[in-house]
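Below, in structure tokens: the form predicted alone, a single chain.
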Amino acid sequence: MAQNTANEPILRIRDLSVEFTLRQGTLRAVDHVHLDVLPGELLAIVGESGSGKSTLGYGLVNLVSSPGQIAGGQVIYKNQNVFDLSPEALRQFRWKEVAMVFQAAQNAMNPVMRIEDQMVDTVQDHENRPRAEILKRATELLKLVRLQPEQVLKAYPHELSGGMRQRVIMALSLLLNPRVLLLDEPTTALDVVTQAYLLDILLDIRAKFGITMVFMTHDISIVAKVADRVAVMYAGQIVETGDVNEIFYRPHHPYTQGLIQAAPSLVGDLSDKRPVPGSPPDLFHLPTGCRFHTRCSYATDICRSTQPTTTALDGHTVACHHWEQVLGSNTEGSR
């Protein structure tokens, strides 16, 4: 692969669509997504369950399983489309260039293999390296994720807690020094204290290796602590992107505004918190026009009839007919 320069996005997602052909019809889980991932950043992709975040992650590494398929678009890494890679080049790409920590990954380990054997097998499937060298590297990474290597390496997965297994998977994903780490709901099914602990570890990993991270989550409340930039996903589409502070304090899209207003707090006043009204749309029967209009207090006739185009605003993008009104409401609310 040709190298990309430091000023270019490390991943360029262009018009990516992913479809699932089912008995009910064709469901488009990712719909014409355009998104850049910048070198060294932590990009959070946020949206409710079913918004397409996980499918987008699988699409980035060309790992969409049947009956799903890439319906169009490109994922460009080092100036080459990932979908054009040979099977061997794709296998190397998935661990050595871009690694993914899957949702509920702590349950994905082989239950009859010790952790050390899973570490060794992962590396030797890609590189011919001595077992001792691999275990030395595994020991360093387990310490980085705040585990005791002498205990963990000899253990079977069932002998570890859920939080410990999740951290083992993180160490495993770093064994081959990938440049990009995709994390799909890494804090799901963990208690609040363990979630905070895990986020601190992610920040440690990023500080040590300078690795680019894409963090997919439905929980916008944890994004402020870790993200540099946020992409908001709704019904298979990216509806807003921007700097994390801009997203939280000056959201331009009513869905983003709703997610932030609904986010719970352990210490703040909950009386003004309210969920986003309604439910996400059925992807088999999408509303006409803007997909959010059935839940939106700003909706007008144009929202019901015409899908909004994406407006670029100096590092911020938004797909909303009334983004100026939404932005103005943030200003009024802060007075």
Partner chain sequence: MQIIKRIGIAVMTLLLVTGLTFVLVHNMPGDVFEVIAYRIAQQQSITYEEALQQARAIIHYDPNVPLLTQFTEYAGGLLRGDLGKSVIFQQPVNKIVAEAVPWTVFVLSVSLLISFVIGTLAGMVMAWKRKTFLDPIVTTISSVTDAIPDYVTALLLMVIFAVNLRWFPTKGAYSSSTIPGFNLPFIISVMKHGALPIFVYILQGFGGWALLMKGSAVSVLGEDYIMAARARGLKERRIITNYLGRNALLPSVTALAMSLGGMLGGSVLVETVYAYPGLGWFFGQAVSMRDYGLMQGLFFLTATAVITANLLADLIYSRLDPRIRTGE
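Everything quoted here is computed from the prediction, not taken from an experiment. Numbering follows the first chain given and starts at 1.
A second form of this protein, the form predicted in complex with its partner chain, is not displayed here; the remarks below concern that form.
Residue-level contacts in the model of the complex: of 131, 143, 91, 154, one residue has a heavy atom within 4.5 Å of its partner chain, and it is 91. Of the residues given (135, 205, 85, 109), 109 alone sits with a heavy atom within 4.5 Å of its partner chain in the model of the complex. Comment: 94-102 is the region of 178-186, 94-102, 68-76, 208-216 lying near its partner chain in the model of the complex, near meaning a non-hydrogen atom within 4.5 Å. In the model of the complex, its partner chain stays beyond 4.5 Å of every heavy atom belonging to residue 298.
Though the partner is left out of this view, residue 302 does not reach within 4.5 Å of its partner chain in the model of the complex, counting heavy atoms only. The shortest heavy atom separation between residue 139 and its partner chain in the model of the complex exceeds 4.5 Å. In the model of the complex, its partner chain lies within 4.5 Å of some heavy atom of residue 121. Contact residues in stretch 23-61 (any heavy atom within 4.5 Å of its partner chain, taken in the model of the complex) are limited to 58.
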